[in-house]
Ligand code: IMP
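In structure tokens, the next block holds one chain alone, the form predicted on its own.
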Amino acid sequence: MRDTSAFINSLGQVCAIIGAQWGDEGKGKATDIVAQHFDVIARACGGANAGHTIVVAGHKHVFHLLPSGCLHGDKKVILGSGMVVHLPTLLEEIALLRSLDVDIVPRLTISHEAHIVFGFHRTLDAALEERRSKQKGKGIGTTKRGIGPAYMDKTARCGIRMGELHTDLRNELIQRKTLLEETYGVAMDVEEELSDLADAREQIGGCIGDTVEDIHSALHSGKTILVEGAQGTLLDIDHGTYPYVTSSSTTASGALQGLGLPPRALTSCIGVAKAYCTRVGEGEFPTEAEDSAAKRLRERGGEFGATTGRPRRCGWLSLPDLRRAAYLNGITHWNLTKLDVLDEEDVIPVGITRGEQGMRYQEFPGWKTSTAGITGYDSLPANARAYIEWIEEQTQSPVALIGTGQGREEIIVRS
């Protein structure tokens, strides 16, 4: 890849990569590229409902819990206290890395304060979604990975944390089984849960530790830290399109909280946004495209969920949402992904203001030529550059990274 030193130097010691839309923006690729230049890679919040896809040497890899930058074999990896961890999924990802000749265990630390997602959380998640669908005619659109119920236990102060992995949890799980059956009519296999705990204890028991101490030790010794967000700003439990949101804080401030870092530690924030927009499941989508346009975007962009395989709803960029993401996260750089998906559009609408009559649009002329694989900004068509520069002007943040394809090398880096 061409020289990126000026861009990397502009990020400072602690950089966060945060989704600016409803998730699925392509954060994994940005993290993978930037991670080469950082010492510590940290994930702060959320669970296995996230899906980070990166393509290396033509092969697609999807991670749900481990940060994408973990493919770089010399990086310290931290899973913070804001996370909820499904242990079988984590062990599967560790095994996948080993198949790629990457052993992450010696450099992995998992917060003893992170909560465990059990199989019963997943069963309860599905049952609650079914109940909502029957009562209200539609559900939230949960991935049914147990994330919401695990955070329910956390906030109810009855969750089981990673630090308890070395304790005997049989009696606790037997009590949970009774509660689940009596309250929700949900079955639970105590022996299966204990087996999962035993597997995790054997394989990653030595990885559990005080990640706050670790990350501050790294900070004070001058090491660089890359914080990888999960989902997107519009799915934030406080600031997203409630109730069609995730169960954790998906903003930069939420990531800092999940890692135990103070706000002053953050030196830069890369906001990741598609050149258009997508979302999965229910909830508002003011710039959602009509069927024919949505189908074009979906097929060209491969818009199917990395975690669920569900087809994504597709539409156009929303300027109010980009501005809101910039406000909430303090975005210093944009990563605009999947520019090439717009290559065949005659006209590209962008939502610019919301009003009583709905979203008002501004239309941009398409460029009608391939941008796939372009790695130099000046090589982009004039109309594509005008589109990008308008985004910069309207959000007052530079577009530093521009994705022009799935591969690791198919990106433009601007200093």
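The first residue of the shown sequence is 1; numbering continues from there. On a predicted model such as this, the values are computed, not experimentally measured, just so you know.
The same protein also has a form predicted in complex with this ligand, omitted here; what follows describes it.
*Asks:* Would you check, heavy atoms only and a 4.5 Å threshold, whether residue 140 touches this ligand in the predicted bound form?
*Replies:* Within the cut-off, so yes.
*Asks:* Could you tell me if residue 50 has a non-hydrogen atom within 4.5 Å of this ligand in the predicted bound form?
*Replies:* Heavy-atom contact with this ligand at 4.5 Å: present for residue 50.
*Asks:* Do residue 231 and this ligand come within 4.5 Å of each other in the predicted bound form, heavy atoms counted?
*Replies:* Yes, residue 231 sits close enough to this ligand in the predicted bound form that at least one of its heavy atoms falls within 4.5 Å.
*Asks:* Can any non-hydrogen atom of residue 295 be found within 4.5 angstroms of this ligand in the predicted bound form?
*Replies:* Residue 295 lies outside the contact set for this ligand.
*Asks:* Let me test this: is every residue among 22, 144 and 235 within 4.5 Å of this ligand in the predicted bound form, going by heavy atom positions?
*Replies:* Answer is yes for this spot.
*Asks:* Since the chain is shown here on its own, which stretch among 253-261, 163-171, 274-282, 324-332 would lie within 4.5 Å of this ligand in the predicted bound form, judged by heavy atoms?
*Replies:* Looking at the partner contacts, the answer comes out as 274-282.
*Asks:* Which one, 226, 245, 208, 116, lies within 4.5 Å of this ligand in the predicted bound form by heavy atoms?
*Replies:* Filtering the options by heavy-atom distance leaves 245.
*Asks:* Can you name the residues of 102-123 that have a heavy atom within 4.5 Å of this ligand in the predicted bound form?
*Replies:* Nothing in the stretch sits within 4.5 Å of the partner.
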